[in-house]
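Coming up is one lone chain in structure tokens, specifically the form predicted on its own.
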């Protein structure tokens, strides 16, 4: 659902993007029923901070990025980015298929390995046979998307940690260490409205309530 009024209200009161963010209200953009969907307010903050001319979401999932950019076009046509979005469910494998180039901002929100399995397609990152294979795919994605940036463009990767079968996998740390020379910043994003919020845990259990956004800048 597009809602330019919600975007305009948020921009009128937002604070500058900082290393910790929280969006208790996910906003009206994208399919709220799509599991793992990101808040549109993060996309607005990235746009307001970097003012990209061309923006790519290579795994757009529930469509949040597309709808935010549509509202930006409605309200701020001269400053709104040219948008491109692709998804494996529509037959495009962004890790190998042609998806354009010279983007000023690429927002990549991949699956968190097998935390949520999205499709039956063997190319789906949520179907990687192991954490090691997943890490290799993330590395390949970083190399692929970095190569599609315009000079000075930015690749923003959002990922949460995973706990499975008693083991903890710090994926946020992994994406923050892909390229020490090009890492520009790290943002910790608080999570809200997760299914696990209704689960009762023992006192010693520490729930995961954050995601990591790693921002890399092209030379």
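Model, not experiment: these values are computed from the prediction. Positions refer to the first chain, counted from 1.
Another form exists, predicted in complex with a small molecule; not displayed. Remarks below refer to it.
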Inset, instruction - Using heavy atoms only and a 4.5 Å cut-off, decide whether all three of 58, 89 and 93 touch the small molecule in the model of the complex. - result: yes
Legend entry - Sole residue of 160, 27, 36, 52 within 4.5 Å of the small molecule in the model of the complex, by heavy atom: 36
Legend entry - in the model of the complex, residue 84 touching the small molecule (heavy atom, 4.5 Å): no
Inset, instruction - May I ask you to check whether residue 123 falls inside a 4.5 Å heavy atom distance of the small molecule in the model of the complex? - result: yes
Legend entry - the small molecule contact in the model of the complex: residue 74, any heavy atom under 4.5 Å: no
Inset, instruction - Report yes if any heavy atom of residue 118 sits within 4.5 Å of a heavy atom of the small molecule in the model of the complex; otherwise report no. - result: yes
